[in-house]
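Given next, in structure tokens, is a single chain: the form predicted on its own.
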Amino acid sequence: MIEAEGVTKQFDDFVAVNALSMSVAAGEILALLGPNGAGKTTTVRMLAAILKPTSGRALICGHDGALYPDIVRRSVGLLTEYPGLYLRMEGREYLDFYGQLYGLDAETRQKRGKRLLEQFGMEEAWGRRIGEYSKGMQQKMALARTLLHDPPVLLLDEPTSAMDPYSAKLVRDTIQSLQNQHRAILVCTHNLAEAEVLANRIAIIRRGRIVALGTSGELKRQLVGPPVMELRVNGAFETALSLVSQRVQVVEHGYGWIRYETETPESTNPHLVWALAQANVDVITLSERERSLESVYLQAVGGVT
């Protein structure tokens, strides 16, 4: 439902996006990560038919935004990092105004607007001026506007910026609830933990190019190596270390614990535990060492300031 085919955007001598290709299927959330100036926002604007690509094609639901911008814009819910709210309007006026732009009838505008504000825990915002809202409330109002016409494609640029932890979780839960077989979602974020929680796949962009793409697990494996397991035993440590060393690559150890790499933990671990049991070594725990998405991200964009 979201496709970029060799998309390039050049401003005079500066190439903001360089032959970028990616796709997001219905039912999928893709997180787009990258440092400031990497091309995330420019990519989103081309997908939303706000900017025309210098070359390549940006398609939404099969429609080329350069050829059919009106169709694309009706199919997209766009949340920009700076949404440009009308601060003198009350919440109900603001949502009603945008509902009219989307071609919604009066009953639908009111029903959807109230439901969205209730979903975000800000029913009191209906009759208050937007200028009186906190930054977090303003961001949630912008997201409500984005969802008002129930679009099949969502392009969300920093959807939880300026929010307190509770509000941010509320928005993340809402985004996850919107994931279904009829909708594709692209989320740009600097929040690595948020990307890992939300996204089915993660794309890392560097200097206008996708440099890594896959699930969190796939990216960790590609960029920071195979899974590292930690084994803790009770007594007979030298026996345990000898048995483990014969079967896998030990990366470090201390008394009572051993860490090792394995490309195939699903088969290696059971055999290893069985061998230890046969040698009367008591296994306390065997678990995978957590590898952060931050290490993957830094590996992919290393050297970029």
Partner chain sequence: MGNDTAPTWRENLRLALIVAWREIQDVLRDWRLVVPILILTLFFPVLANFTAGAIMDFLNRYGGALIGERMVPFLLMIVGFFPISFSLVIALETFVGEKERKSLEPLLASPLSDAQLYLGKTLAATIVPLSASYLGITVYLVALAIFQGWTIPFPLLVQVVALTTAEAVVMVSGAVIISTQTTSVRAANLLASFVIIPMALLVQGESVIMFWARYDALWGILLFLLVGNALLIRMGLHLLNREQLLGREIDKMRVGQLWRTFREEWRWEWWLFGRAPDAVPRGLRWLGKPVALYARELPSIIRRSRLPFLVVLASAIGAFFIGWKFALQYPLPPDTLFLGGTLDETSNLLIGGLEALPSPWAILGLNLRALIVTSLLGAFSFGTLAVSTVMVTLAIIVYLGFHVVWAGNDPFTYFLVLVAPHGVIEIPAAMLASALGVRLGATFAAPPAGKMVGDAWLQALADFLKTLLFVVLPMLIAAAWIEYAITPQLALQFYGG
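Positions refer to the first chain, counted from 1. Everything numeric here is computed off the predicted structure, so don't read it as measured data.
Beyond what is shown, the protein has a form predicted in complex with the partner chain; the following relates to that form.
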Residue-level contact is defined here as any heavy atom of the residue lying within 4.5 Å of the partner chain in the model of the complex; does Val273 satisfy this criterion? no
Can Ala193 be called a contact residue for the partner chain in the model of the complex at 4.5 Å between heavy atoms? no
If we define contact as a non-hydrogen atom of the residue within 4.5 angstroms of the partner, is Ala66 a contact of the partner chain in the model of the complex? yes
Using 4.5 Å between non-hydrogen atoms, is Arg247 touching the partner chain in the model of the complex? no
To verify the annotation, which of these, Glu123, Asp150, Glu93, Glu132, has a non-hydrogen atom within 4.5 Å of the partner chain in the model of the complex? Glu93
Heavy atom within 4.5 Å of the partner chain in the model of the complex - residue from Arg232, Arg128, Lys111, Arg88: Arg88
Option from 75 to 83, 113 to 121, 209 to 217, 185 to 193 whose residues, in the model of the complex, bring a heavy atom within 4.5 Å of the partner chain: 75 to 83
Partner contacts for 95 to 130, taking the partner chain in the model of the complex and a 4.5 Å heavy atom cut-off: Phe97, Tyr98, Gln100, Leu101, Tyr102, Arg129
